[in-house]
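The chain below stands alone and is given in structure tokens; this is the form predicted alone.
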Amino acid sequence: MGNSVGQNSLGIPRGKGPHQVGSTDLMVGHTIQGTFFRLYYPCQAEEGSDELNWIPCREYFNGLADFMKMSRALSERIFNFLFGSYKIPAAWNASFKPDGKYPVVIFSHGLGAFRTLYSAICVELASQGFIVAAVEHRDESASATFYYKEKSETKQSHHAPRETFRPVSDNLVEEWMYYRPLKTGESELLLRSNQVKQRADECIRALDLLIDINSGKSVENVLLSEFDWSKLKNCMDMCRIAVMGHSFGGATVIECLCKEVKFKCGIALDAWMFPLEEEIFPSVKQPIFFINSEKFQWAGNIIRMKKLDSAVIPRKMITVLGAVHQSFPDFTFLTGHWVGKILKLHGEIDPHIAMDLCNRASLAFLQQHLSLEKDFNQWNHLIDGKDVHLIPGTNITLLQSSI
């Protein structure tokens, strides 16, 4: 179902750029403090290359069920029926394609998501010549993720070994971590503030790992993999690094920019600003691009974005008309119109049009602020909201006195 996706068929769209796209997973350090991300990259795909399931295994379905407060048994059936056959349009463990130095993007997922759910964005960026690391967060904001414990630490193995994500050592046992809901009487601000700091640290560790790989250091992947990481040596442009994320991941973008100057700019998709401490805003010196949906935002959230406005640092905002909060993750491509509307995965705008606008505006912004010699400047008008489906700034009415 994920193959040869047209405008009217269901499935994650293929990249529109000149490169074929490969993907692989990297886990360094088997414990909860380790680093885990999915890498999307330009590749040399062979005919009949494997494409991986969009939802990697049933535990992720269970995590989505918990997050949506649904019965695991029932929802696994529903999710498997709706989404179980979809593939990510990227060749699994395909050979890396050396072609000069590729710019790098670190991607942060939203609340209740995980590393595979934004593959349409990540695949498009890779097809256009970026290396993209989609981090899987372990701050208990992902609906599900896993790490490993040594057998001596666990009573018994609850999981049979799988072919897809097998550890290199037989002494390691999967340990699953699911989304943690707010406890009674707990301060959500404190929880989310701590989480966004951890998320930024995880993104920075992922970047540090790519810097090591680029310099030729060998990495020990906890996951059994055929991918040759040494081929990436000197193939990443570590002067051209951006951070991007959706919702909670959008807040993570701002936190990352504050903590790590190696990120030259940030793109925040429908950012949820609540977790951020406003004291950090003056420390953020890099350009930021807010791409919002028409239906998600509210005055308080926009006001916090506006507090990052600057007379000297580029800060841009556009709104995609007819888009909803779920117009950015892949779900929007995997349900028909009516099911999508009922589940709030579709807005009034065609999902493909919304995603193309988001991706093209992002590419134009990245060209401007990473000094790329590409043709993405053909979409510069989108950064200013000049399109029938866009408006510059926001659709939310703000009282001037509150800004």
Ligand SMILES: CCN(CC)CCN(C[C@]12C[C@](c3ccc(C(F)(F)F)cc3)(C1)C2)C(=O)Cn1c(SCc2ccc(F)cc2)nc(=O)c2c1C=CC2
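What you are looking at is a predicted structure, and each value in this text was computed from that prediction instead of being measured. Start at 1 with the first residue shown and count on from there.
We do not show the form predicted together with the named molecule, though everything after this point is about it.
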Item to check | Phe130: touches the named molecule in the predicted complex, heavy atom cutoff 4.5 angstroms | outcome: no
Checklist entry - Can you check whether Met68 is within 4.5 Å of the named molecule in the predicted complex, heavy atom basis? => result yes
Checklist entry - Any of the heavy atoms of Leu111 lying within 4.5 Å of the named molecule in the predicted complex? => result yes
Checklist entry - Taking the shortest heavy atom distance, is Asn292 within 4.5 Å of the named molecule in the predicted complex? => result no
Item to check | Arg38, Leu52 and Trp176 all contacting the named molecule in the predicted complex, non-hydrogen atom within 4.5 Å | outcome: no
Checklist outcome for this item: Within 4.5 Å of the named molecule in the predicted complex, heavy atom basis, the matching stretch of 112-120, 277-285, 305-313, 204-212 is 112-120
Checklist entry - Tell me, which of Phe96, Tyr147, Phe331, Tyr86 has a heavy atom within 4.5 angstroms of the named molecule in the predicted complex? => result Phe331
Next on the checklist: Can you work out which of Trp92, Tyr102, Phe296, Trp229 has a heavy atom no more than 4.5 Å from the named molecule in the predicted complex?
Outcome noted: Phe296
Checklist entry - Looking at the named molecule in the predicted complex, which residues in 315-348 have at least one heavy atom within 4.5 Å of it? => result His325, Gln326, Pro329, Phe331, Leu343, Leu345
